[in-house]
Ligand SMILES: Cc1cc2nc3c(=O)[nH]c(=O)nc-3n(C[C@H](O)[C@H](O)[C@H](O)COP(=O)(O)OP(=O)(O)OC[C@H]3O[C@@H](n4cnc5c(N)ncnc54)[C@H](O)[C@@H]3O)c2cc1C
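This document starts with one chain, in the form predicted on its own, laid out as structure tokens.
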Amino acid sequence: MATLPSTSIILDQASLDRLQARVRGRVLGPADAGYDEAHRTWNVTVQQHPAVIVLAESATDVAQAVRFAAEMGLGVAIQSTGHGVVRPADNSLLVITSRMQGVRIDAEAQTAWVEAGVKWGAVLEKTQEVGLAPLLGSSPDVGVIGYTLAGGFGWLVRKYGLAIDSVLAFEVVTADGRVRRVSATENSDLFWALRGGGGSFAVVTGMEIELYPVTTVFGGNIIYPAAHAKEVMTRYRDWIATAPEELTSSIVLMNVPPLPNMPEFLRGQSVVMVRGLYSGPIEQAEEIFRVWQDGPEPLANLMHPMPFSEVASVSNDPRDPMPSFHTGGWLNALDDATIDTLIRFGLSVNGSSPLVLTEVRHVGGAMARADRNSTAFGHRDDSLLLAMLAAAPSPEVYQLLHQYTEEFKRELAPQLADHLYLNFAEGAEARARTRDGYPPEAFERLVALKAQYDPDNLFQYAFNFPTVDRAG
């Protein structure tokens, strides 16, 4: 049986039975077998204790769950894979969408319909079979919907834009318990808000997305010893200044953990990596990457032609749940002082840095060319996206990481923008700084739409748009 917070909302068995009679999926209370497993998150530092869980099997289940929550005075939290928790789902009705696994591909129209519980890997497999690709992120193990709603940066972002830019329509359940279709011509204001505004406005139960003719790409990593970090990062800065839109890349400072599953030649080492994917003609890739044939000798050059189905090999993101800490921001430039600060804080010298990874992604391209008024996502002129990641095996380490990255950001202040990408924030930071994720006019419009579509703040476990908060 779950150990609950002292201020927990407890539903009686009659209420749970009444909800079970309204949905096909399973209903779980804290005393039920499977409750603890169902609400676990990917980042295991997050502990949450919902009042009730619904393992939804359809949009109808979600609609019934939302209506029940409103009747009982509960907020509604949504979880698919457990990635990207903004606010723990304490005292909520937690809807788990992982059983909603439908994927339909229309190869002729180059579109896909994806249900709420699907991971990118399933979409990638089905689309590659017909010579198409979705705009997934660095990991196929992440849920499609949550990743997309806040923006979605993947290895095709410079060529085809953000994941939200490929969305054609949503199926949603709004706070009144109604199932609605949302598109550029139906509930268009909500369509605008959902593309960048996250899950604060409705529960997305399905999504239609555009697909792209990408099958073979050139990508991977070039790994250098930490001693060459300044030279490699300076060369990278010059390289991306003339990069074609077919090239999406990043520069990575990594302190490789001394773990058995790491390659022996990297285990416990600090390195700098050039990471990227080129989606243009393969015969042109050699010219694009020629600059890296000169200069310092790499520890390994893993750049090679590959089917796009192997895109996960570029970032090699961890797949198993782990205790983690991550944060980020936007950089205005990679000038010499910024490079020096990134190296000083990002690379570990005798244990000086607790970070596993500090990455600067080069974006822009198609993302910047998209209509700025078409989605809630702002800051499309930014082109350097900073991410910091570390393991956080205890609350004490988590707090240390927070203090370290705050100092890191203060040192970066001359080139660190005052806004952020909310998918690279987490928990308290994402809620406290929701306003910083948007231009002022977009944020005010989102606040007004929140009041229109969810005046009682039923969806209070996502990004924080001010309204009445029934959970205090």
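What you see is a predicted model; the values in this text were computed from it and never measured. Position 1 is the first residue in the sequence shown; the rest follow in order.
The form predicted together with this ligand exists for this protein as well; it is not shown, and the discussion that follows is about that form.
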Quiz item: Can you pick the one in T341, N221, S166, S80 that has a heavy atom within 4.5 Å of this ligand in the predicted complex?
Solution: S80
Quiz item: Though this ligand is not shown, can you say which of L277, V232, V203, A193 has a heavy atom within 4.5 Å of it in the predicted complex?
Solution: V203
Quiz item: Can all three of V23, L28 and G177 be found with a heavy atom no more than 4.5 Å from this ligand in the predicted complex?
Solution: no
Quiz item: Hey, of 403-411, 417-425, 431-439, 65-73, which bit sits against this ligand in the predicted complex at 4.5 Å between non-hydrogen atoms?
Solution: 417-425
Quiz item: Could you tell me if R361 has a non-hydrogen atom within 4.5 Å of this ligand in the predicted complex?
Solution: yes
Quiz item: If you check in the predicted complex, is L334 within 4.5 Å of this ligand, heavy atoms only?
Solution: no
Quiz item: Taking heavy atoms and a 4.5 Å cut-off, does L149 contact this ligand in the predicted complex?
Solution: yes
Practice problem: Answer yes if any heavy atom of F153 is within 4.5 Å of a heavy atom of this ligand in the predicted complex; otherwise answer no. | Solution: yes
Quiz item: Looking at this ligand in the predicted complex, which residues in 137-156 have at least one heavy atom within 4.5 Å of it?
Solution: G137, S138, S139, V142, G143, I145, G146, Y147, L149, G152, F153
